Structures are given as C-alpha cells and as structure tokens.
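Have a look below at one chain only, the form predicted alone, in structure tokens format.
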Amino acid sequence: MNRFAGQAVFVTGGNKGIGRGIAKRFAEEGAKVAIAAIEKDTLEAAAALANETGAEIIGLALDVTDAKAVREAYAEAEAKLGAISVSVQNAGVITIAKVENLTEREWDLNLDVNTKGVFLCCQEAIRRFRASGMKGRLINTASGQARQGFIYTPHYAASKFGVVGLSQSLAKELAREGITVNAICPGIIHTEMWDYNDRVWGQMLGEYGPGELMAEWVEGIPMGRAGTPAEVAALVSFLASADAAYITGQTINVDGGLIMS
C-alpha cells in the first residue's frame, strides 16, 4: 500500500518501541516522517530507519512538556517535509511505586509527559492543520490502563485516562472541520517499556525472574501472546487513512482481547 505518498507525518516517541513501529509503517506507506523524542539517539534512530525503509525521515530533539520546544519542532518538521497531515502523540513514560512511596515528582513526570505532552502536540498540530487547510488526523497513545488502573501505577493510569478524555473533547470540537481525533490502548507489547514493567512489577509482586511475570500475564490474553509494535502501527495507519474519515472520538484497544470494553 502507498496510502500516505507525499504526506508528512509527525510521531513523538518515534525512536523506539511502539513509536518506531508507527514511524516505520508510515514510511513504508510512502510518508515523509518526523521522529521527535527526548532521547539523545533520536537523530541516529531516524537515520537508521531512513536507511531501512528508503523513506525521507528526520529526527528532532523534543521535550513534549515544553510548549516552545513543541512549536519549534513542528515548525522545523514542516519546513523540511511540508505541511503535516498526521500527528501521532506517542511519547510516554511510566514509573512504578507503592502509593506510600509515590513521589510528587513521579506524579508530575507521568502527567506532564503522558497527558500535558499529548495536549501540547495536539494543540500545535491543530494550529498547523488549520493554517494549511488540512483535514488532519490526530492519534493519541493511551494504554490498557486507560481502561483499568493497575496496582502501583495510579499516576500512570490517571495520565492515560486523561488522554482518552482529551481525545474525546478535541474530537467533538474539531469534527465539523474534518479533523479526526482518536486514541489507542495498547496492551502487553514487546517493547523496552514492557521489559521495565516485567522487571520492576516482578520485583514488587514477588520473586519473579526476568520474563516470568510477563509470561504469566500473557497467559491471560485470549490470543495467548504479547503484541508487536507493528500490530499497533497497523491500527494507527488505518486511523490516519482516508478509510477512517468517519471515525473520531474513539478509543480502540489493541491487546489480543485482554480488555474487551
């Protein structure tokens, strides 16, 4: 497929994990892609993905909690790639702590990156959609914890429930302009974040060795396996496509049937 030929796509957290899978899918479908992330390896990750796909991909250093930096990153992306038609708000963090040990700093970090960061990027993308007359697509990464909170992560769950509420509110505001806004809820996916989850939750919930807790949780997935970034990317690319023009304000699970609601 070549559904996004010539289009410019902006992906936060696109240097690794689910974000890299999303950036790769758009590149394979003909898009020019801006990968924006806070990590130092972002430019190298973009160059590697460009070499792998043959697509035009740029890397941008970005702290999504900084409104000025967000404006500058979108401006640079448009200067190099053209008007952005799709913006994927995927950058995220998680920390895990018992409630009595959960610090205000951890709370703020999760809400700032996972919720405020999504808002700031959506806000800037909307400005640019309107300026270019684009009926753009906004896709926001929530989580299975936007459906059900889990032990030792009330701050993370709150941040991801916030993404769903934000997406619904923006979808209603922008619907008459043809701009769609949807959220996705990945479940257990093979990523570095889930390696962290397996290790830290495993230590806190019992004497689990590497991979043991994740394997136990995977047993509860009706499909019997964890997902891949490519499978999440397939949903995102659909929501960004013309085929999804009449879908907005929705929150869609991609988790092998783990949560059915």
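Each residue number is its position in the shown sequence, starting from 1. Please read these numbers as outputs of a predicted model, since none were measured by experiment.
There is also a form predicted in complex with a small molecule; it is not shown, and the following applies to it.
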property: Answer range among 215-223, 44-52, 25-33, 193-201 for contact with the small molecule, defined in the predicted bound form as heavy atoms within 4.5 Å; result: 193-201
property: Triple contact flag I18, V64 and P186 to the small molecule in the predicted bound form, non-hydrogen atom at 4.5 angstroms; result: yes
property: In the predicted bound form, the one of I58, A69, A230, I38 near the small molecule [non-hydrogen atom within 4.5 angstroms]; result: I38
property: Candidate from M134, A73, I96, A91 lying within 4.5 Å of the small molecule in the predicted bound form - any heavy atom; result: A91
property: is_contact(S143, the small molecule) in the predicted bound form, heavy atom dist at most 4.5 Å; result: yes
property: V113, heavy atom within 4.5 angstroms of the small molecule in the predicted bound form; result: yes
